[in-house]
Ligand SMILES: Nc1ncnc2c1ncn2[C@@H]1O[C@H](COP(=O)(O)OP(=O)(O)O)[C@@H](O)[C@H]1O
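Okay, here we've got a single chain as structure tokens, the form predicted on its own, with questions on binding and movement later.
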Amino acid sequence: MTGAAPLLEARDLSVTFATPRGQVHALDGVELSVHRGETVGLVGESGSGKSTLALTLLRAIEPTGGEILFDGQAIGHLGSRALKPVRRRLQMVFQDPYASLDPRMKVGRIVAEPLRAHAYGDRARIAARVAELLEQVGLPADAAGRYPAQFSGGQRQRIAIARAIALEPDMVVADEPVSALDVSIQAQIVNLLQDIQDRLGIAYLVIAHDLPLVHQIADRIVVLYLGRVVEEGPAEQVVARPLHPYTAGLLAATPTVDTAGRPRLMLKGDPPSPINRPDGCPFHPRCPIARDRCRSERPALVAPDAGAARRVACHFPGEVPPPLAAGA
């Protein structure tokens, strides 16, 4: 994918909400790209801005500043009519399969919604496509005549996935697609998403707080903290050698990630308020390697070495706190 133009790109993207207490900076200068056929994992704690970013990329939330480009076209300020062909190519799977499906509609009608909205064909053609989609996601044909309440959580997420891929989009944004499901079902949904990608070449932006999940399916990982990207790079490299202390802390908090031979850097405290953000590096109040420079100067998101495939927003990338390095 080197040298190819991104399918989806965010440039200096910002979202600010006005509240009685002040301005909430939900996103602050986010830089993000997803290429055709690629899976990018977006990780961070609750409140980091992951879901806000997803909804902004799909224009469900209006950006305050910056640009959103899809296949080279700026879409950040398009009207609903101009956005319609983009929506056909850019779909979403939501976190909660219990809330994302209308309980009053039968499954066949739910899956057919995007087909009807984009004039896919007559009733017979749409019915045939719905049957094909249900088979692709592992549901029986008679599912079309039943209501969402008659299905389990995993089956409902399969319905949501069928709806998202109905028009064979170029990209799907999946916001915590398995977090509401039992652990035994999560792997099945992940495998289904990968099978669909292999068959259709769809690009994914997968949003999660679960680093093992992201490591399993993503080509690249982007780490978000307080509305800012603090690290990004190839998934294997980010997990094997995190360059930002926040990424190292996320990994240390995940017992199923192999951190053998690496000091465990545990996160302490809660993220600062997005209304009263600290000066300098936003992570410095929780960072075990913070120095005076971190408290006064905001680090840029840059490659730590010339030609590196990674970027990190840290003045001292890759450093380990001395007490941890000493085995304390």
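Quick note: we count residues from 1 along the sequence shown, nothing fancier. Just so we're clear, the structure is a prediction, and the values are computed from it rather than from any experiment.
The discussion below concerns the form predicted in complex with the named molecule, not included here.
Candidate site formed by 17, 45 and 49: every one of these residues places a non-hydrogen atom within 4.5 angstroms of the named molecule in the predicted bound form. Among residues of the shown chain, residue 26 is one whose heavy atoms approach the named molecule to within 4.5 Å in the predicted bound form. Taking the partner from the other structure, the named molecule in the predicted bound form has no heavy atom within 4.5 Å of any heavy atom of residue 37. Although the partner is absent here, residue 274 sits close enough that one of its heavy atoms falls within 4.5 Å of the named molecule in the predicted bound form.
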